[in-house]
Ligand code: HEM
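Listed next as structure tokens is one chain, alone, in the form predicted on its own.
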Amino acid sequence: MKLRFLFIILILASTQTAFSSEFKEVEDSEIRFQWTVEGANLHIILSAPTEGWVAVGFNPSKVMKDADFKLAYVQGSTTVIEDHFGTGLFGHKIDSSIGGSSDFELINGTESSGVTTVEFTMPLNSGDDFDSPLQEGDEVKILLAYGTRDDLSRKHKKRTSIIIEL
């Protein structure tokens, strides 16, 4: 009986730890970026007042160059998310088209009342040359943007850059 009770307490404690992550949050140019570090992953919720795409980029060297981008949109019950790399000051390409890999796990995507929200996780360090290695506690420059259509090749309507602490 005591062993069973101890087992239940251990399960409850581990469940509470697994789901008790507090998200940090910033909002700029109407784009909300929420994040928390969960072990070796970064858990992200990204939303903007659009029925088009939303995007976040990490650690550009200059403008968009060298940034690790995640771009997503929701169309009906389908969420599309892609992993891109900043190949120039004003351009990016899908990681897999230039020798990298898609490093993220989609959790959910919704579009409601004119707001698109996408939730996903990504490794802090995927080992992919086209992903920026991240570490909890680091200051990280992020790029946030959104577009008005479900077309990731279309230019953003709004964009901003912010420095956050992971």
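Predicted, not measured: the structure shown is a model, and the values here were computed from it. In this text, residue numbers run from 1 along the sequence as written.
In what follows, reference is made to the form predicted together with protoporphyrin IX containing FE (HEM), a form of this protein that is not presented.
The closest heavy atom approach of Val63 to protoporphyrin IX containing FE (HEM) in the predicted bound form falls within 4.5 Å.
Within this chain, Gly57 lines the site of protoporphyrin IX containing FE (HEM) in the predicted bound form, having a heavy atom no more than 4.5 Å away. Using a 4.5 angstroms threshold between heavy atoms, Phe33 stays clear of protoporphyrin IX containing FE (HEM) in the predicted bound form. Of the heavy atoms in Leu71, some are within 4.5 Å of protoporphyrin IX containing FE (HEM) in the predicted bound form. Stretch 47-55 is the contacting one of 104-112, 47-55, 22-30, 129-137, since its residues have non-hydrogen atoms within 4.5 Å of protoporphyrin IX containing FE (HEM) in the predicted bound form. Annotation for 148-166: interface residues with protoporphyrin IX containing FE (HEM) in the predicted bound form are Leu152, Ser153, Arg154, Lys155, His156, Arg159, Thr160, Ser161 [heavy atom within 4.5 Å].
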